[in-house]
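Taking the form predicted alone, here's one chain by itself in structure tokens.
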Amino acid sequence: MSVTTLQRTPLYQEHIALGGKMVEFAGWEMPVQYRSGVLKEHAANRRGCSIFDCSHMGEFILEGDPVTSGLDRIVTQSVVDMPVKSCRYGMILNAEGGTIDDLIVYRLAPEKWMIVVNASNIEKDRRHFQANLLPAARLKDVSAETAKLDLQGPLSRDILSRLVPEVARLEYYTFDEFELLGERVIISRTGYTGELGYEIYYPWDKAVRVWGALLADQRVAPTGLGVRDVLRLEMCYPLYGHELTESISPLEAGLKTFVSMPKEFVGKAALVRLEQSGLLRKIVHFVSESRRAPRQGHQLYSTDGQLVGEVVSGTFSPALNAGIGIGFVKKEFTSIGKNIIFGDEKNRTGAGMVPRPFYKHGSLKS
């Protein structure tokens, strides 16, 4: 029997030293939480500052004109009009309109780009880009040499500014190159928690240096993937493998805002057909009547007991002190304010559909 060896980020030993509980995630051994626990990590992010090791994620560098390289035809969002030093969220689709991955494109220069993809999809995404890019493009996978640290929370600007004073000028969904501990690196301001935050792309073999420098500030708490999932769920942000898969289109996932229908892109014809025929399922967001949390795979029922859909993400929300969930239901059951029931054959709990996001008091754009 073969044993799969999990990959480790350059901060693995740091996580162990901090009491990180390590679990498998997308082929990586990652901290799901630390000694303090998820609730304290949640409070650190919402009220102070937290740091995540996201070095498992993938980064590609692409050189070429956005049109003649084929990049604009691959990503659902238009990248042609992106200003240099801006970021843009979008997706790459298969021919059937399903989502191969969601990603963020960084415009480094007029004809140079960085594309940040999910850890579980690095190889699949690379193959997709290579198959659809035109000869004028030059693509390099730099994932193995790029560490990624996410500093998130209302205090993140003040804390990072002590090491990089100029970072305070970054606006939402922009980035720049800065000097940080002797390295010229990309720092962006996007975020995945609903709070003000920054992403630091640092040389892989030197990441321990910046991790230690940030944690030297007593206001910074190390935080794991467990609370990251809670935080993104409170904001209703999609997680690949849950709200998005190769069988779920961005239209069904409620992400049409990030699809530029006027332009051509892989999968557009399928989305046009889907719009014309009408969506058979739509995404819904609901809050439990109690602290009981829905879980992925739970069924969704109407109040009269009819099976109407399935939960794709769920958790207990410390911010709402209730269970929250996201699911897909038949289109006639999508009205906000409707009641719904989640659970299984043995245990069912009532919930109410609400507009997204669940959490509305973040410092994201402060």
Partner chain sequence: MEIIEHYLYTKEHEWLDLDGEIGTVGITEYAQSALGDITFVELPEIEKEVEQFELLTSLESVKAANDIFSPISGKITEVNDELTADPGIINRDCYEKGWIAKIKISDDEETSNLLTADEYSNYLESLDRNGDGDSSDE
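Computed from a predicted structure; not experimentally measured. Numbering follows the first chain given and starts at 1.
Missing here is the form predicted in complex with the partner chain; even so, the following discussion is about that form.
Under a 4.5 Å heavy atom criterion, is A293 part of the interface with the partner chain in the predicted bound form? Judged by the heavy-atom cut-off of 4.5 Å, A293 is in contact with the partner chain in the predicted bound form.
With a cut-off of 4.5 Å between heavy atoms, is V32 one of the residues that contacts the partner chain in the predicted bound form? Contact with the partner chain, yes.
Would L62 show up as a contact with the partner chain in the predicted bound form if we use heavy atoms at 4.5 Å? L62 lies outside the contact set for the partner chain.
According to a 4.5 angstroms non-hydrogen atom cut-off, is Y301 in contact with the partner chain in the predicted bound form? Judged by the heavy-atom cut-off of 4.5 Å, Y301 is well away from the partner chain in the predicted bound form.
Candidate spot V23, V230 and K346, all three touching the partner chain in the predicted bound form (heavy atom, 4.5 Å): Per the other structure, all of V23, V230 and K346 touch the partner chain.
In the predicted bound form, segment of 64 to 72, 315 to 323, 44 to 52, 301 to 309 with a heavy atom within 4.5 Å of the partner chain: Going by heavy atoms within 4.5 Å, the stretch is 315 to 323.
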